[in-house]
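In C-alpha cells, the next block holds one chain alone, the form predicted on its own.
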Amino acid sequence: MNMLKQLQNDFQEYLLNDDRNIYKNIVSTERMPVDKRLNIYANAYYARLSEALSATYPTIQSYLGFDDFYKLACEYAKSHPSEFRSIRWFGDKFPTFLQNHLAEIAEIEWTMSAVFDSKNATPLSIEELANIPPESWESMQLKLHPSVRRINLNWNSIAIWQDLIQDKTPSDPIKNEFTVPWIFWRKNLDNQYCSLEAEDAWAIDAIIRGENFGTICEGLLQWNQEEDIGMRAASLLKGWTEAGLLWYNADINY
C-alpha cells in the first residue's frame, strides 16, 4: 500500500475508532501537540456530518435540541460511516438507528425527502383511464407514480412531526392501538400524505408487488361482498387517479 493510502486509512481509523496509529506521522510541537492537531479535524468531521443530518432531519434536531442531537449524530456517524459519494444520502440508516417514535419521525422526514427528490412523471388522467379497453382491465398492471412511498406507523408520529414543523410544542408520544398505514407522494410539485384504510393500503401494496387489477379485485373480497367488488374497485381506482397516485406510461399495454 502506498504512503498516501496508508495515511488516509490510518486517519479514517482514528476518526471512526480512535486508533492512534496515525500519531507517528503527525508532527507535534509544544504549542500544537498531536492530540490538539487531530482533534481539530475530528471535530470538523463530526460537525459536518451532524450538519448534514440536521438538514435531512430538522424536526429531530428541534425535538431533541442541538446538543443531544449532536451527540446522537456523532454516535450514528461512528456506527454507520458514510458509504456514499454524496453526503445527501448519509442519513439513510438514521431511522433504523433510532427507536420508537423518534425512529418514525426520522422515517417520515426521510420519506418526505425521497418523495420530493423522486423523478418527474405524468400522472394517469381520468380521460386516459376511461380510454383503457374493457377487455384489458382484468390483466392490466397499474403503475404508481415514482414519488409514491408507503410506510406503516405505530405511534402518533405524524402529529408530533406536524407540531414540530409548525413550531408548536410537540404532542406527547402515544403508541397506536393498531399499526396505521400511510402513503406519501408528490402532486403538482407539492408533497402530499394521508393515512389509509386497510383495504386501500392492501390494494396499494398489491400494485407495488406487481399484481394485476383482476387479482386486486379478488383481494378486495376480504372487505366487500362479491356483488360490490366492481363498484368498490372502480371507486378506489378513481380516487387514486384523481389524487395523482398513478403513473401514465405510454409503453404499458393496459
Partner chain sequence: MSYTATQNEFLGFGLGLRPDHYQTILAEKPSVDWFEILTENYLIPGGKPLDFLDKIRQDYPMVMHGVSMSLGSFDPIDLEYLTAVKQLIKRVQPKWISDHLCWTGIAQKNMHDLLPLPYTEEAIQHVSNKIMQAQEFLGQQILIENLSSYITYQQSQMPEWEFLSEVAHRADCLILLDVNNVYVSAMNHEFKPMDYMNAIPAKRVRQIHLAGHSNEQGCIIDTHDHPIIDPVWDLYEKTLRRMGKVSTMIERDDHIPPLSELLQELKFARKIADKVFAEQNEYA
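Numbering follows the first chain given and starts at 1. Computed from a prediction, not measured in an experiment: that's the story for all the values here.
Note that the form predicted in complex with the partner chain isn't included here; everything after this is about it.
Proximity to the partner chain in the model of the complex, taken as heavy atoms within 4.5 Å, picks out 29 to 37 from the listed stretches 29 to 37, 212 to 220, 192 to 200, 64 to 72. At least one heavy atom of residue 81 is located within 4.5 Å of the partner chain in the model of the complex. By the criterion of a heavy atom within 4.5 Å, residue 119 is counted among the residues contacting the partner chain in the model of the complex. Under a 4.5 angstroms non-hydrogen atom cutoff, the partner chain in the model of the complex has residue 85 among its neighbouring residues. Mapping the unseen interface onto this chain, residue 246 falls outside it, with no heavy atom inside 4.5 Å of the partner chain in the model of the complex. Although the partner is absent from the chain shown here, none of 97, 161 and 165 has a heavy atom within 4.5 Å of the partner chain in the model of the complex.
Along 52 to 67, a non-hydrogen atom within 4.5 Å of the partner chain in the model of the complex is carried by no residue at all.
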